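Below sits a lone chain in structure tokens, taken as the form predicted on its own.
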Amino acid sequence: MRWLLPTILGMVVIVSCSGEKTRVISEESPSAGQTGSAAIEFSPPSPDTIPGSRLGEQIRLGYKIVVNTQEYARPYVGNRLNCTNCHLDGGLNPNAASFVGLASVYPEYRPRSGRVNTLADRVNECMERSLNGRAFPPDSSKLQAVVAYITWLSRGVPTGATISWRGLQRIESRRPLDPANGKQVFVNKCAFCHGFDGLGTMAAPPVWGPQSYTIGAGMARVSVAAAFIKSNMPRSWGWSLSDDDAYDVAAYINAQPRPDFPGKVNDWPKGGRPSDATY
């Protein structure tokens, strides 16, 4: 699995089986102004090559937690999601907030927390916000395993490198959001897997309701959800929706009930709250 990421006029193009797609950073964009070496090749190791050593056992546990969080980290999860529902293919998919290279950019300052975060901090943010659960203790073997897995995936990505595939592709809606159209697109394109009530099926996770992500998750922002939907949904048919339809579906989904996130009162303490934050 190899994608070549040449830099052209400051934009990065992924050449893959899905065609050429322009990539830019989304969500908080902490690395949008990152300077360093030229864009590097996206070439993650296969989980099949995890070594058989003691460190390999830790890495393999991290992979299992990411792919099947419900089983391997159940006490820390508060909904029906797994990490891989957003970080597709165990964090290996370059179109879905890939884990590859992340270890080379942490610690880093994040505006949402208003402080420098470690990679372990970032993992725990996802546990609390996206999985509506609780943070792993600092000395948790499960937390150390997830960090070890992401670090292993980041081999060969030097500190300061430009990680062009990081985050999601930002897209823009050319007209006011239309949740009614989003509902129709959802019924036609998404409900077969996610359920007409959005509460999930055996085939796909819930996208709203008590078992979905909280309002404090990045995916609860319409711009982030739209970018994810555009490049990945329907599964295996990414890039098939227009930008406007992706935004409308995101607006419809994120207008539905979902768990609160009590810690939201502490977000963006130094300002910079995105315009589409829901609180």
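Treat the numbers as computed from the prediction; the structure is a model and nothing was measured. Start at 1 with the first residue shown and count on from there.
If you look for the form predicted in complex with a small molecule, you will not find it shown, but the lines that follow are about it.
Though the small molecule is absent from this view, in the model of the complex it lies within 4.5 Å of a heavy atom of just one residue from Cys86, Ala145, Ile171, Leu92, which is Cys86.
In the model of the complex, the small molecule stays beyond 4.5 Å of every heavy atom belonging to Leu153. By the criterion of a heavy atom within 4.5 Å, Lys183 is excluded from the residues contacting the small molecule in the model of the complex. Taking non-hydrogen atoms only, Ile59 never approaches the small molecule to within 4.5 angstroms in the model of the complex.
Although the partner is absent here, Pro179 sits far enough away that none of its heavy atoms falls within 4.5 Å of the small molecule in the model of the complex.
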